[in-house]
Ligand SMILES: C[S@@+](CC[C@H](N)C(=O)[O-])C[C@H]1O[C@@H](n2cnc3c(N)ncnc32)[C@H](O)[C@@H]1O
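The data below hold one chain only, encoded as structure tokens and taken in the form predicted on its own.
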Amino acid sequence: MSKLSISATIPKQIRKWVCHKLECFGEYIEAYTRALDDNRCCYLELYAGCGNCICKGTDCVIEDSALRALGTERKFDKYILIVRDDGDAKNLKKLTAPYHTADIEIISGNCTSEKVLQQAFDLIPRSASSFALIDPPGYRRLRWSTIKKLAAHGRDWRGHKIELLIIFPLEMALLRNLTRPECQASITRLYGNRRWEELSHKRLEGKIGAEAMRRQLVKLFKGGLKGLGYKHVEDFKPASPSKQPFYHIILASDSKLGTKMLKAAWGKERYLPCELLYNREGQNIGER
């Protein structure tokens, strides 16, 4: 556990469920890189943050997803981190500086911008495999047009598209705003079509419950990914500290390898860094 030593809004405060998500991702990305063997692979993060976070109500500072990807034993060949906020980008650059073994590129800008996304694509070598983490701060920042560009970018030496790990913002205002007329445009941008409106009408008429609605919203998004040609599209509801997880995990890949790793990382209860039974190695004491 580290003491808070950075002022202002960096590191940013996060809730317990976000801390849980980061712990799960750290375990997942470690397993993912071990499975790469000698294959060349680039890491792309579309919504990178400032590099570290602090658990709300504690003095526990933890690494965010970018630093966890950088901290794996087996390294990616290149790291491309897109950061929207200039202050976050500056802090992330400072925190990534000690990682001399990695090729790190930090791009400042909005990942929904054609120009910004093309900057990232230009940094991915031809025939190299790619893994993209898509973890938006709410559904309004995720657009289907971005997903389509990622899938269409190109294929590696095996004929595989960019692998996508999507932290789908199911509970982050999407369910609450589904029936609001003023939110129609943003939800249509999320799905890339208006088929979600049928679910909205059923909800308004009381023909579908909340849990069934969750399943259908995830299914609709998965259907879009399958339509982009991905061979394997899996979803997973994480074991979260909260009664109902704030997000759903969706993996789109042309390989079968990621599914088992996904369930292993997100499918178990775990202690968090700010909790008593968490040791310095990040292992739950109850598992030793």
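All residue numbers refer to positions in the sequence shown, first residue = 1. Keep in mind that what you see is a predicted model, and the values were worked out from it rather than measured.
Note that the form predicted in complex with the named molecule isn't included here; everything after this is about it.
J.: Taking 4.5 angstroms as the heavy atom distance cut-off, pick the stretch from 152-160, 134-142, 69-77, 203-211 that is near the named molecule in the predicted complex.
T.: After filtering at 4.5 Å, what remains is 134-142.
J.: Can you tell me whether residue 15 touches the named molecule? I mean in the predicted complex, with a 4.5 angstroms heavy atom cut-off.
T.: No, residue 15 sits far enough from the named molecule in the predicted complex that none of its heavy atoms falls within 4.5 Å.
J.: Closest heavy atom of residue 65 to the named molecule in the predicted complex, within 4.5 Å or not?
T.: Yes, residue 65 is a contact residue.
J.: Within a 4.5 Å heavy atom cut-off, is residue 270 in contact with the named molecule in the predicted complex?
T.: Residue 270 lies outside the contact set for the named molecule.
J.: Using the partner position in the predicted complex, report whether residue 120 sits within 4.5 Å of the named molecule, counting heavy atoms only.
T.: Contact with the named molecule, no.
J.: Pull the contact list for 29-56: residues with a heavy atom within 4.5 Å of the named molecule in the predicted complex, in sequence order.
T.: Counting only heavy atoms within 4.5 Å of the named molecule in the predicted complex, the contacting residues of 29-56 are 45, 46, 47, 48, 49.
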